[in-house]
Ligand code: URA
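There is one chain below, alone, in structure tokens, taken in the form predicted alone.
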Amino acid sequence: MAPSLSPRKLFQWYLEAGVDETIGDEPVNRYMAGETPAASRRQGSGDFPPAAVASARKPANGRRPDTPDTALRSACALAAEAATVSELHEALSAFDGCALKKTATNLVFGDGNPEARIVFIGEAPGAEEDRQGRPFVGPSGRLLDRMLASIELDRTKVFISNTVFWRPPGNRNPTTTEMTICTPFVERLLELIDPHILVPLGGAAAKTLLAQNESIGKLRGRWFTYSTPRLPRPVHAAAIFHPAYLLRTPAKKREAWRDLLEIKRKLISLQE
């Protein structure tokens, strides 16, 4: 009789033999099942029958997890079908292609007037936004409200959203993949509102929406145009500092005030 091995030595032998993962929750005695190892190998997947391998690879809900490409295609299709802002909200609620949804408490779609002439787009929801399901309701949101009031605007006259609609864990920055997957919904939101002015808040939103690589310090104070194939005309766009950045860097509020005044002048000129 071969000497018995300690569990540690047995596991080491398995690793050296290439056995480094388990397929099923319970071991299967092939001899008791009346099937020889040779017969198992003829079926096609090592010593495991195809059904067992397929079952192990198949998610519990019967669906394979979305890849970024399939998630993006799904996002494009769902967004394109929305004919109103309300329908877009419903489509986004049903969308499971963004991994952020799994860790967030609430979808943070948008807030304000869906017929507004000016839209503000930030980067991502924070903790307070995640709890309430509304964008910009924490400290940076309160500052944004004061910034709007300084140029005679409020949430009944603007629409506010983000480049991603769920809070990244730990308030980390959203990844490029996460923003890309959410972009079709952001684009469709802007097409449905059709604003006169778009205001990206902060560098991440500005780079995503304006397709620019410069820092927010270099992008602010300049006018750009934003367009999609389904917008009737290009939208005037001006990036400004994110309110959260202004809370950390009060010295930049002077520049932010100048940017707000320029936005106000542009809005008035477009109404004439």
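What you see is a predicted model, and the numbers here were worked out from it, not measured in a lab. Start at 1 with the first residue shown and count on from there.
This protein has a second form, the form predicted together with ligand URA, left out of what is shown; the following refers to that one.
- Checking 146-154, 97-105, 132-140, 81-89 against ligand URA in the model of the complex, the stretch whose residues place heavy atoms within 4.5 Å of it is 132-140.
- Shown here without its partner, the chain carries 123, 126 and 162, all of which come within 4.5 Å of ligand URA in the model of the complex through at least one heavy atom.
- Taking the partner from the other structure, ligand URA in the model of the complex has no heavy atom within 4.5 Å of any heavy atom of residue 236.
- Put simply, residue 220 is far from ligand URA in the model of the complex: not one heavy atom of it is within 4.5 Å.
- Looking at 222-257, the one residue that comes within 4.5 Å of ligand URA in the model of the complex, counting any heavy atom, is 242.
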